[in-house]
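Take a look at this one chain, the form predicted alone, written out in structure tokens.
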Amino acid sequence: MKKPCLPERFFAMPLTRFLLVFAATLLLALALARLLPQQTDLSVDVERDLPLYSQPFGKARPFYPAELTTPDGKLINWRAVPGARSCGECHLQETLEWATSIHAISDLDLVYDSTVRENNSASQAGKAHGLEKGRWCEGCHNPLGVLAGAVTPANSVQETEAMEEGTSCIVCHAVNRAEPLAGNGALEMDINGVFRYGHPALLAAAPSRHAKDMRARREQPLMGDSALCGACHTEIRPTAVNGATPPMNLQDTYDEWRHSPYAKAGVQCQDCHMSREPAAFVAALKRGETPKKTVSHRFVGNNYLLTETALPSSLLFALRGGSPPGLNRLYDRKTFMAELEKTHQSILALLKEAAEVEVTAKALHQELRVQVAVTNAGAGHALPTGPLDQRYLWLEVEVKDRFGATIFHQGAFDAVKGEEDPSAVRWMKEVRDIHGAPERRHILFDAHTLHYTRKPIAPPPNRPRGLPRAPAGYPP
């Protein structure tokens, strides 16, 4: 006679025995939920664990000139930092979206990597403690490396998978506090305080603990607040980097938003840049509607080059600093490229939604006068914003006669020289050295003065009609 399978035998138990087994199982689950996530002291004592870690700005500020900090002021244990691949075991789509973003390559992309090396080694200010001064850049681009003590001349911290991931999952999801007007990376991160689980299945025993640990928005409202983004989208060079000048504001994206109608309406950075359809979200705001909030981890912004799938894949991955994290372990190349194209199209659509161009032409005697008006129609900050010596706008105008012949052309891009027409109208911030010469290599360590060729365009003056006013006193 065939024996009953386990479920049949289980449900065939006498009621008393069934209740006892059920109670024992419940007690075991509760015990696992309480006991399995073991917390240990992972903080690193510099004198004991990294005795060669260089601290030219004082032992009280081990991460300076970055504004990063930890709850106890100590370094994090590089061996215990969880990587994005571990998150992808359960959150595959979110991890894949993030892998296509610029956040995922914030420390790896070729443009940044070469630039920070030039600042450290080829600048005048970098001649004294150049690598340590690089923490000012790395605090946002490589926060885990800074917190672990990897940005130092005599480095004894190994490059783990997690340490190569730039602004990874744990960077944002371990933030306790943000001071977005203080300068680069003004975040307190409790990475050492994150519970370690032996296996993803154990999370099922304590899902609320995991949600709290990873700062779910309901647990940590800062996750949905612009202040979290502002801590890195504010760039202030402290005097410690270049003692010849006072603190210098190089990026003010958060402050631009803070004084915009969008802030007054309670529209956060995350609402647009983490929307599943950022351009559609902005378009709805412009129409005076209240769009539904959705969440994506593509972090759509303005860097379309590093998501350009039309480039040869070898060149694209070289520019991005190598293969994406999780490739051939969480997803294959075809899947990644499809997601990267979605991110690329989202970036282009958002850029197109941000500005409006109006052209008027008037014949006057033997002349044709053309006037072009560019309006910031959708951005909740200045247009353009960010590092304006690298990412700026210029205007290209071409006038043709009725036969299709070009009679005027200004602002054309020269692909051979890699630059636009010198006479083009630019919305740009020039970085100038001590002699007043423009510095086009982004050597910010030696920046002496800043000069706008044309100041960025302020956000639209009217508050989006579809949203209520924010509470009194908001934003901070």
Partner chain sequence: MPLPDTRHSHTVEVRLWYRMAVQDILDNIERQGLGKVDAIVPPVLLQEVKMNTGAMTNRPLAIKTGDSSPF
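In this text, the rigid core denotes the largest set of C-alpha atoms whose superposition between the two forms falls within 1.5 Å. All figures in this text were calculated on a predicted structure; none of them were measured in a lab. Residue numbers count along the first chain shown, from 1.
What follows is about the form predicted together with its partner chain, which we do not show.
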{"property": "Candidate site 110, 118 and 428: all three near its partner chain in the model of the complex by heavy atom within 4.5 Å", "result": "yes"}
{"property": "Residue (of 150, 194, 202, 305) lying close to its partner chain in the model of the complex, criterion heavy atoms within 4.5 Å", "result": "305"}
{"property": "Selected contact from 398, 341, 219, 89, since only one has a non-hydrogen atom within 4.5 angstroms of its partner chain in the model of the complex", "result": "398"}
{"property": "4.5 angstroms heavy atom contact with its partner chain in the model of the complex for residue 391", "result": "yes"}
{"property": "Residue 365: touches its partner chain in the model of the complex, heavy atom cutoff 4.5 angstroms", "result": "yes"}
{"property": "Non-hydrogen atom contact residue 352 with its partner chain in the model of the complex at 4.5 angstroms", "result": "yes"}
{"property": "Residue 283, heavy atom within 4.5 angstroms of its partner chain in the model of the complex", "result": "no"}
{"property": "Interface stretch in the model of the complex with its partner chain - options 228-236, 164-172, 135-143, 370-378, non-hydrogen atom within 4.5 Å", "result": "370-378"}
{"property": "Those residues of 314-350 which, in the model of the complex, come within 4.5 Å of its partner chain by heavy atom", "result": "315, 319, 348"}
{"property": "Large Cα move at residue 366 between this form and the one not shown, threshold 2 Å, rigid core", "result": "yes"}
{"property": "Rigid core fit then residue 48 CA moved by 2 Å or more between this form and the one not shown", "result": "no"}
{"property": "Per-residue C-alpha change between this form and the one not shown, residue 60, threshold 2 Å, rigid core fit", "result": "no"}
